[in-house]
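In the structure tokens that follow, the same protein chain appears in two forms, which are kept apart as structure 1 and structure 2.
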Structure 1
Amino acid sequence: MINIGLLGLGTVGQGVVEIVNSSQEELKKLVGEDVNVKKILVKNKDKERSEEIPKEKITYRVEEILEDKDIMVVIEATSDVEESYKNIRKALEQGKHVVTANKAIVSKYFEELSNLAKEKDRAFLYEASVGGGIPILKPLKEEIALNDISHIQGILNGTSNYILTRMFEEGLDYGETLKIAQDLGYAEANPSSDVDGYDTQRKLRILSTIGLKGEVKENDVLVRGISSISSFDVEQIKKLGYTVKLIGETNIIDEKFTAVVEPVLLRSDSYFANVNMAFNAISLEGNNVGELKFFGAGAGKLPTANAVLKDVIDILKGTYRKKNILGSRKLKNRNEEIKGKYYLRISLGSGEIPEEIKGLAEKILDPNFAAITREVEFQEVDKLLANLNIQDEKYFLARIQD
């Protein structure tokens, strides 16, 4: 029997238990033995739990999992960062394989944990950390063997995509749509990580580090979110024949790369414009394989748990990529070269729009003030808005992609 230790019994953890319990016959055919979730770490002693989870499997002490020599694989399925990082380190040091869905941990400690896994000759896998149920990281790891990846682009956050879809399809305002997303469980009580772009930043950092075969740090990725978008913006943008998506994008020429997360205006016939609600989509381009597109559920109990268990199966079958996928390529960040035309709306309440802002405009859409800028550098606009002390909530800026 193969024993698994599960850290966390939230949405993903419950999904793992559900799939393991319902797929015992299939799992045994795949790996040749019964697969058993032996221990499950929980924090809340008083919470009622499914009768399908025997009480003897529940523990409140992580040591019962990390120090159990019969447990071969540890699944980390919490939303915590620092405590879970320590537990992952300990698991690897104890000679256990580790699978996680926590993109914050993977992004923050990517190199350290990958190198530790290599040192201990154990797996550190994280397919579910990017794209939820979409198989993207394993295919990417396979493609970099014969390809130089030049372009990565994607809708990587289901919460933001859900909000934008409802706003554009139903004319709802941002606050109303966010409340609906929170009530449905798509958005957290504090949605900043999703709507301000930091969740996408972490996922793009992971994709880019693997795809470009060199380290791309979180702070190498410029970030602008969607939390200041208004129903007025939606009206203006629809009149122009566009929709808006929060896009993460990395490009590389020679050894110089750019990486940015930002709202993007897209024509209705473009690929990403038609990725709606909580779905994710990712596009990769390699010199030999050309363009590859991936689409699917970006979150959810069963899709995410399915991705976690596919990593577990790869470990049990010995089919995971054992070579450390971190490349040694020396990359130079050139974000200062990012430029384009932008939709810009500023709401100052009273007074004239500063002349410096008007100087950016190629076309005025509304005197109060919405405009299409001439081609400008991403950071030029940021610096100008900062110098004029225009707060984030007072403007919405989105790059136009034709």
Structure 2
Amino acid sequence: MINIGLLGLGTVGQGVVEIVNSSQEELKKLVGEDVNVKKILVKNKDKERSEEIPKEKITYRVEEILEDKDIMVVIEATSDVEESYKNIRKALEQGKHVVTANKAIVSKYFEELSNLAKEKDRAFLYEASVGGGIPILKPLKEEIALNDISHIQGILNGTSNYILTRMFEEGLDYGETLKIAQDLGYAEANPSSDVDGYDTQRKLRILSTIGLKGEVKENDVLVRGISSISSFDVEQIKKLGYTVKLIGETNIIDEKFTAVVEPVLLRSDSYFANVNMAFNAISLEGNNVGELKFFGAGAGKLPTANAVLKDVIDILKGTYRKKNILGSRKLKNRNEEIKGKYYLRISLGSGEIPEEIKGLAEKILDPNFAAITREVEFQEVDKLLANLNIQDEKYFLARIQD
């Protein structure tokens, strides 16, 4: 019997238990033994739990999992980054394999935890951290590892995509749609990570570090979110024949790369414009394989738990990439070269629109105020608005795709 310790019984943890219970026979066929979730770490002692979760499996003490010699694999599915980081370190040091779905931890401690796992000759796997249920990291690490990847582009946050889709297709309002995405279990504990672009930033950092075979850090990725979008913006943008998606994009030429997360206006017949609701899509360009596209459920209980369990199966079958996946390429960031034309809306109530702002416009859409800007650098408009003391929530800025 193979024993698993599960840290956390939120959306992902519950999905793991559900799939393990419903797939016992198939799991045994795949790995040759029964697979058992032996213990589950929870925080809230008094919460009502489903019958699928026997009381004797529940523990409030993480040591009961980390120090249990019968537990071979630890699945980390909690949301506290620092606590989880400590637990992952301890689990690897105790000789256990670790699987996590938490992109914040992978992004923050990617190099350190990958090196520790290598040193301890154990697996540290995180397929569910990018793209939810889409198998994307294993293909990047293995099936297309022989390629030089020159371009990575994706819709990587289900919550934002869900909000944008319902705003554009049904005219719903921002706050109302965010609330539904939270109720559906798509959003992070603090949904600012989703709508302000940080979740996409972390996922792009992970994808880019693996794909480019060199370190791309979180702060190498410029970020702008969708939290200030309004129904007025939706109307204006639709009139122009576009839709909006929160896009993460990395490009590399020689050893120089750009990486950015931002809302982008896309023509409604383009590929990414048609990736809707909580779906994610990722497009890669490799020198041998050409363009590859991946599409699927980017968030949610069972898709994410499925990706976690695929990692567990790889560990039990020994089919994961055992060499350290970190590449040694020395990459240079050239984000200062990112430029584009932008849709810009500012709401100042009865306040006058400053002349400097009007000076950015190539075409005014509404005098009070929405415009398409001339070509500007990524941070030029933000800097100008900050100098004029115009707060983030008073404007929406989205690049127009050529």
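Basically, rigid core = biggest C-alpha set you can superpose within 1.5 Å across the two forms. Since we're looking at a predicted model, the values are computed, not measured. All residue numbers here follow the sequence of structure 1, with the first residue given the number 1.
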The form predicted together with L-homoserine (HSE)? Structure 2
Align both forms on the core first, then report whether Thr177 has a C-alpha shift of 2 Å or more between structures 1 and 2. yes
Compare the position of the CA of Glu143 between structures 1 and 2 after a rigid core fit and state whether the shift reaches 2 Å. yes
